[in-house]
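Form predicted on its own, single chain, as structure tokens, below.
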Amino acid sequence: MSQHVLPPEPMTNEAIASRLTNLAKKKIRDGLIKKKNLVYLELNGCSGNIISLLNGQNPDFEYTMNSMVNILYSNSLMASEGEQAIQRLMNALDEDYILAVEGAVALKNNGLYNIIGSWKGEPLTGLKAAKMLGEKASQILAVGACATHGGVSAAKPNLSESVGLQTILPEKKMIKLPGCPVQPDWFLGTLAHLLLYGEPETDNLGRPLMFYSTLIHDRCPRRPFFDRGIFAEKLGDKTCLFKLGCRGPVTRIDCPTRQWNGHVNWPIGANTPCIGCAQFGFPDAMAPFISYDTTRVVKNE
């Protein structure tokens, strides 16, 4: 046989993100595409997304970020601090860059509920930084629930009057990666797609279809219990968690097949309902997360 017959490429969700990032690195190494600049802003939130991203693997987050992008600014990852760090942020305005934002934008008192640093003796609010950098960015990624729609930061009573990033940049197109926090593959895979092919195909809410196209319910390993009407009565039961408040039937994301913490488990695998953290409206629209008042158990199954 003159030609080797290769096995088909793996089509798992994990493989899709890994294949994108590895191809981007190879093309950069071969000089076929160039690394891009990245500005990563952390606004009003818990910094949970940047912590989640550090858990990226195949390739790991550090290797990917060093190989695919030049990080011009990141509050958590850069060595600079104080006005020196803010100077780097200002210098980025003279470059071409991708802007990634996690956290919501606090509007109250003209943004003074979220100050990310000081510049020339004046406080630099998250509101001002997001507007300034968002207007000049070549692409924008809203990373996590707070950036995409306000998330936990905008939950009632929302004392800081926080909003999602789109509210203050209504004319700017942005890719939205809801989730609390974001799964590393969703961010790294989207970043690699931007470098390789440009913006990925998205739905009408701005979510990349390669990650957000399918309901959790449709790939849930407990779906056969739902179809037969066998429902859990309490947390820990191994049957369908729908009547305990599971939001899997209305949440579009690939958690059942991608999984978390190194692709080893996910909420339903740990016997707790999906709380819909990748849905717009989380958390207020998803509450209560657990419900015990609608359980209907089919006997003798």
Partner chain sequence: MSKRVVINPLTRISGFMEIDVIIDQGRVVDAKTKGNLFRGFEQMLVGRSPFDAVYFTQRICGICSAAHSIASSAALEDALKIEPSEQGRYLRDIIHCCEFLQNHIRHFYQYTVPDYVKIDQNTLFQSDHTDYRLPRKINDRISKHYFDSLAISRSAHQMLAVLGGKAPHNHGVFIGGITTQATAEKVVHIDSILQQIMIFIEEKMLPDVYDIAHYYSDYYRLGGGYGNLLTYGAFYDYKDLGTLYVDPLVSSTAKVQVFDERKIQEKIDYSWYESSKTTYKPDQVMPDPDMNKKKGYSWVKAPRYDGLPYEVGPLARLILSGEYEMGISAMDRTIARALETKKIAEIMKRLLTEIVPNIDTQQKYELPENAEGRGLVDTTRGALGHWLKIQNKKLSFYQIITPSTWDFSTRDDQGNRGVAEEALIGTPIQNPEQPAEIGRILRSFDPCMSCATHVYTPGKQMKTIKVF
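Positions refer to the first chain, counted from 1. Note that the coordinates shown come from a computational prediction; the quantities given were computed from them, not determined experimentally.
There is also a form predicted in complex with its partner chain; it is not shown, and the following applies to it.
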Would you classify residue 139 as touching its partner chain in the predicted bound form, given a 4.5 Å non-hydrogen atom cut-off? no
Would you please decide whether residue 81 lies within 4.5 angstroms of its partner chain in the predicted bound form, comparing each non-hydrogen atom pair? yes
Should residue 238 be classed as touching its partner chain in the predicted bound form when contacts are defined as heavy atoms within 4.5 Å? yes
Residue 71 versus its partner chain, in the predicted bound form: is there a non-hydrogen atom within 4.5 Å? yes
Just to be sure I understand the contacts: of 155, 98, 90, 196, which is the one whose heavy atoms reach within 4.5 angstroms of its partner chain in the predicted bound form? 155
Of 202 to 210, 131 to 139, 107 to 115, 169 to 177, the segment with heavy atoms within 4.5 Å of its partner chain in the predicted bound form is residues 107 to 115
Just to make sure I understand: among 270 to 284, which residues lie within 4.5 Å of its partner chain in the predicted bound form, judging by heavy atoms? 270, 271, 272, 273, 275, 277, 282, 283, 284
